[in-house]
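This document opens with one chain alone, in structure tokens, the form predicted alone.
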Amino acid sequence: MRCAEYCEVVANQPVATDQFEIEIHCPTVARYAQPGQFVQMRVQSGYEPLFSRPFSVFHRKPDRDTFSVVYLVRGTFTQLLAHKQAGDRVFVVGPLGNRFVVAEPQHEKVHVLVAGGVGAPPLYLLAEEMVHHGIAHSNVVVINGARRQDLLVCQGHFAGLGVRLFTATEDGSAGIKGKVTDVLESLREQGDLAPERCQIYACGPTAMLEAVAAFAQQHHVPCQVSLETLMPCGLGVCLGCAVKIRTGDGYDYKRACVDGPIFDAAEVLWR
């Protein structure tokens, strides 16, 4: 089920440096959004900004008919969004796209969720679902990475789930000094990433996803990635989010908004 309607802002609060969480009243998204799915949003009815923007669903609160997304303020659209207050309205279309598919048998797998910056929110929703479905906390591993501590997103939320949480920052201000792939390598050396009993799920900047995909391919670990790409329409019409995907005899293009945004990392041609 999908909606396309003006929805009321419930709250809009900062969560990290230049990052906000906006909570929106929208019963359809609150009840039906799945981990990895997104919404398209418009902040005003005029032509500036011209296109809507995609945002992964972070929290669902069906009892309140609300959902929330986390966004980074870095352009005209998100600057306008940051000024929205409770009672204001935004136009929402969603939920859209596919979802992360949890590896089977769920309870015998080690599920490794790799997040980078604002790629954390959909993985939090996935981790929350795993815990609520009875997957052992020790079998849900979260690697949360960012350039520095104040750019980490969802750190407290992940910790609150009681899962195994590792942190990596490039400047060493939190967790290990390094990248998420350094944590992956450490876990592999400890024997936690055996291909037959492990699945990686990743969301974050493209460079990070490419590095995680390369790690997974090298060590034969199944990996799903949520691609961050421009999605002007979110409905598969404009073809502005085409992704190059490997095929048996070469490559083809798929639309991230309707065929994704979740793809098998082994199928993505990064360059």
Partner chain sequence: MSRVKMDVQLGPLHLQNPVLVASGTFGYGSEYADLVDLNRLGGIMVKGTTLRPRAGNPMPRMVETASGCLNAIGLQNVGVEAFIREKLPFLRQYRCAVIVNIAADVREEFEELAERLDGVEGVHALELNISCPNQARGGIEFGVDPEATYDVVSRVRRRTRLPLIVKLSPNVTDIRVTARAAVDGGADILSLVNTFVGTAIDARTRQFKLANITGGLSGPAIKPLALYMVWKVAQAVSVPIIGMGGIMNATDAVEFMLAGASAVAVGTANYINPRVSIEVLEGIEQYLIEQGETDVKAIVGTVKRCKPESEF
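Positions refer to the first chain, counted from 1. Small disclaimer: the values here were computed from a predicted structure and weren't measured.
Heads up, the form predicted together with its partner chain isn't pictured, but that's what we're talking about next.
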Proximity of L151 to its partner chain in the model of the complex, heavy atoms at 4.5 Å: no
4.5 angstroms heavy atom contact with its partner chain in the model of the complex for P62: no
Residue contact check: T206 to its partner chain in the model of the complex, 4.5 Å heavy atom: yes
A4 within 4.5 Å of its partner chain in the model of the complex, heavy atoms: yes
Stretch in contact, per heavy atom within 4.5 angstroms of its partner chain in the model of the complex, of 190-198, 116-124, 90-98, 166-174: 90-98
Residues within stretch 141-169 having a non-hydrogen atom within 4.5 Å of its partner chain in the model of the complex: none
